[in-house]
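Only one chain is given next, in structure tokens, and it is the form predicted on its own.
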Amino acid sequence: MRIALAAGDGIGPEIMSATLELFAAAGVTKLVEFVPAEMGKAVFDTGNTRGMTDEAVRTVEDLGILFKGPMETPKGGGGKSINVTARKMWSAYANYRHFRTLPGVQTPFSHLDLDFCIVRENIEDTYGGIEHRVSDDVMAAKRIITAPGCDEVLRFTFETAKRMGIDLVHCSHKANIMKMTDGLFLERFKAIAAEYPGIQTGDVIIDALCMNLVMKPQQYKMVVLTNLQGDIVSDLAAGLVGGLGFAPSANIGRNISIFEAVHGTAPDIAGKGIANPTALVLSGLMMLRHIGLTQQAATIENALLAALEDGAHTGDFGDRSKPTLDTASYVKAIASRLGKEPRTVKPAHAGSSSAVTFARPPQPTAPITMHTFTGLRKEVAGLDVYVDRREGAAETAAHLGKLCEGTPFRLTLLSCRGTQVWPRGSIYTECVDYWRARFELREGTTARQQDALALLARVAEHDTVSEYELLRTFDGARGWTLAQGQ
């Protein structure tokens, strides 16, 4: 078995070296060859905004597994996050993290003996990074949620729960506000849940989930969320068990999966030999189980647990009455316990699984596309036009109302930042120079896309149009939301 390896930046090379030393002591390196893949800060510094060389991309795509340390993202200018780029480029659609109370890692929640999982959709949502400046005052980001994307991560969630014997799965969302995007995620959750009658389900609004996690976290066993919400909640969950230094992470895809430590690069301690490698070790154990080396994973995990309960610790945690270990000594303390089991917590066994293992399909010869053909009847109902204007609501409405005269459409709404300001509104609603004008079909008329675009062209003759959205019905159901106050 060959696995692509990227040590990372900052403390990355130190904790990766320590992890591989532990793996070697457990016999893993006799079964796995780690192949270097050049990515991270050094690549960014050459001007490569992707942060990974072409050769590294080929290596990962040839091997299908990437084991990586923490990597630095250029601040301000330069390339985007290499972590997000890798997940999206290789369609690692599910981020899976397993949180548990560890012996010797004291937190306010240690007495609860926590053991739960967070699954996060990993590709869509605002992490598409689709952003634009649309006026002097306004920046806008687009949120993308798709039915196929929901189904992939939700099916992974239920399959993983089934494999691990988890009998309760929650969907967390904000469907009370984002009725169409989060609404779709919740709708697909309920549809897929019906295929797993042996698993109980529940749904919880994201803000309530965050409150519950710091009041009674033991009520959850597995929670699945959309990308941005899942990013925040998974870090919150890490805090319950000691922080990101104890949070393993797997990014699972159909063809390529990535296993990584998700904490930062800690440049302030880089090169000092004092970094805590636990998160990377735990992520590596996920990887070993993913490729079928469950016995080796269990042996290493038990040694880690035994070392922790005996008080082995680096400088960022642990019993201060016992000696603080540097990175190398900490790993040696774990390696010296290989073959032993912990006394105070349940030991791992070879059957333990941390993620669904997929047999890698043949490499595609063309870009992969997911299709969902629903056959809905779609009809043009209007359009939303976003214009950059400094005039007030009443003046803007009068102006745009004239422009749609003689067309199949009439002006029905002006909103600003999502709130209706015309034909009804409040003088206390603060407005900026970014108006959404909604044009809807006049009663008794029909229209084609060409008619909507003709109106758009007419508006564009007089105003700066920064965006527009075609409004359609789907089998007669409205394909857009109302404004606040409408």
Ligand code: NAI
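Numbering starts at 1 and runs along the sequence shown. As the structure is a computational prediction, the values presented were derived from the model and not from experiment.
Beyond the structure shown, there is the form predicted together with the named molecule, which is absent from this document and is the topic of what follows.
- Leu244 is the sole member of Met286, Cys416, Leu244, Leu338 with a non-hydrogen atom within 4.5 Å of the named molecule in the predicted bound form.
- Residue Asp316 is the only one of Asp167, Glu159, Asp316, Asp137 with a heavy atom lying within 4.5 Å of the named molecule in the predicted bound form.
- In the predicted bound form, Asp268 approaches the named molecule with a heavy atom inside 4.5 Å.
- Using a 4.5 angstroms threshold between heavy atoms, Gly40 stays clear of the named molecule in the predicted bound form.
- At the 4.5 Å threshold, heavy atoms of Val262 reach the named molecule in the predicted bound form.
- Using a 4.5 Å cutoff between non-hydrogen atoms, Asn276 counts as a contact of the named molecule in the predicted bound form.
- Of the candidate stretches 63-71, 425-433, 22-30, 442-450, only 63-71 has residues whose heavy atoms lie within 4.5 Å of the named molecule in the predicted bound form.
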